[in-house]
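The chain below stands alone and is given in structure tokens; this is the form predicted alone.
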């Protein structure tokens, strides 16, 4: 190879490398975001079942006010088992659950990681186990705008799954106040629709109830703090 040919080859090689570099610069940069959730149980005597959390798109809806609960939601709201909800969310960006019951006055943490994109939504759900079918959570909260180190606090309203009559009678509550039945496929609540919970029936309201005044619930069960950590 003569000197002129060598120079042409070097120039051509540099041009090819330059084009490759330009192609790399044009490739979209994928950013993975990680969120830490701290769930607080602020009730007096209502343990939370293991807490489910998911990052998802707007096609995922765990419940809808005024509409019948899905079987997966019913199973969680009556017995505290969130495995069917987790399965239903398996094709979404991320889903996780704590392992233990969250006792009143305590907090628990779990983390979720997913590709950061516009409209990245968060949902959280857990049962109040000293009830027939009460649950709490938040749904379709947009977390895509959180910067690293930034947090948001979300209150946890209390909902009625509308699948089991709120008698709070002996044998009908899975939590430690009763140790009774959890999920039952039969739906005996005439509403058969998710609503805000009207409040549990205690012994002060009905002698057949196994619940005491401390088991009563108001309009919220606690809060969840969402922090983007990466």
Partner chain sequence: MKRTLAALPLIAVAGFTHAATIDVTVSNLTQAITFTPLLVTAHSSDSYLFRLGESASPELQAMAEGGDISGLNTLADSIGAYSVANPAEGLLMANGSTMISDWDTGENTQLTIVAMLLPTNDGFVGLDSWSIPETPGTYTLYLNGYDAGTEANDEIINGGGASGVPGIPANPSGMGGENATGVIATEVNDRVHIHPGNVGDTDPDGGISDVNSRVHRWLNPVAKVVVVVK
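Remember, it's a predicted structure, so these values are computed and weren't measured experimentally. Residue numbers count along the first chain shown, from 1.
The protein also exists as the form predicted together with its partner chain; that form is not presented, and the subsequent description refers to it.
TODO: Could you check which residue among 72, 154, 124, 89 gets a heavy atom within 4.5 Å of its partner chain in the model of the complex?
DONE: Checked against the cut-off, the match is 154.
- [ ] Sort through 181, 34, 188, 205 and report the residue having a heavy atom within 4.5 Å of its partner chain in the model of the complex.
- [x] Residue within 4.5 Å of the partner: 205.
Open item on the list: in the model of the complex, does residue 106 come within 4.5 Å of its partner chain, counting heavy atoms only?
Closed with: Output for residue 106 is yes: heavy atoms within 4.5 Å of its partner chain.
- [ ] Tell me, yes or no, whether residue 43 is in contact with its partner chain in the model of the complex, where a contact means a heavy atom of each within 4.5 Å.
- [x] The answer is yes: residue 43 has a heavy atom within 4.5 Å of its partner chain.
Open item on the list: I'd like to know whether residue 114 contacts its partner chain in the model of the complex, with contact meaning heavy atoms within 4.5 angstroms.
Closed with: Contact check for residue 114: no, nothing within 4.5 Å of its partner chain in the model of the complex.
Open item on the list: Does any part of residue 94 reach within 4.5 Å of its partner chain in the model of the complex? Heavy atoms only, please.
Closed with: Result no; residue 94 lies far from its partner chain in the model of the complex.
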